Ligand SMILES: CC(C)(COP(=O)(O)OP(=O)(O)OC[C@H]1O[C@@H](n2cnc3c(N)ncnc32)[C@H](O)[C@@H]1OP(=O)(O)O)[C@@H](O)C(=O)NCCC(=O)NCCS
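One chain follows as structure tokens, the form predicted on its own.
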Amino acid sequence: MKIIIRNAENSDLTGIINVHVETWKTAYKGVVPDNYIQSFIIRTQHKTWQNQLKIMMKDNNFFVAERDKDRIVGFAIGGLERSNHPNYKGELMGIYILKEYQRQGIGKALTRKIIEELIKMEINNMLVWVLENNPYRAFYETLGGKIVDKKEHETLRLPVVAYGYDDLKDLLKKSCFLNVQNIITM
């Protein structure tokens, strides 16, 4: 099995939505109220949400992880930090990987692509907002992220924390970002 990391295209929309829905079902069960997860799933079926996703694809760095040229198994979005944080200019806005493809280096490969694009934009720091009870928070800590802020999620009214990364160029030198077998970035 080969995984390719590449720029997202409009033709990937169905696969991206599938990954988004499936990861919400598995990652946030017991963390986010079930009725919110169900409303999220219903919302993804509406054209308005799909159009917003297309805009995000156009206006940000948006990468997919594709298995053997036939299936989207993950994606990541990054770009300018959205809340005008005083210390961080870049943001990893989201990273989603189907459960059966986790712990294979795909998340690190997607994150690396986002970091590389931020550096091209002359942004050398970033943050990522994560639900405080997210069971996958350790991923961001493994990459060296430090909690730098906390607030309440606007819709869910649940606490979220921001992991900050102060030097992206230095972060790319970490051994965790070395090429992972069977992952090709384009």
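One-based numbering along the sequence shown. Note that the structure is a prediction, hence the values are computed from the model and not measured.
Omitted from view is the form predicted in complex with the ligand, to which the following refers.
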property	result
Complete contact of 60, 82 and 88 with the ligand in the predicted bound form (any heavy atom, 4.5 Å)	no
4.5 Å heavy atom contact, residue 123 and the ligand in the predicted bound form	no
Touches the ligand in the predicted bound form: residue 142 (any heavy atom, 4.5 Å)	yes
Distance check, residue 42 to the ligand in the predicted bound form, heavy atom within 4.5 Å	no
is_contact(residue 134, the ligand) in the predicted bound form, heavy atom dist at most 4.5 Å	yes
Stretch in contact in the predicted bound form with the ligand, which is absent here, among 52-60, 152-160, 22-30, 114-122 (heavy atoms within 4.5 Å)	22-30
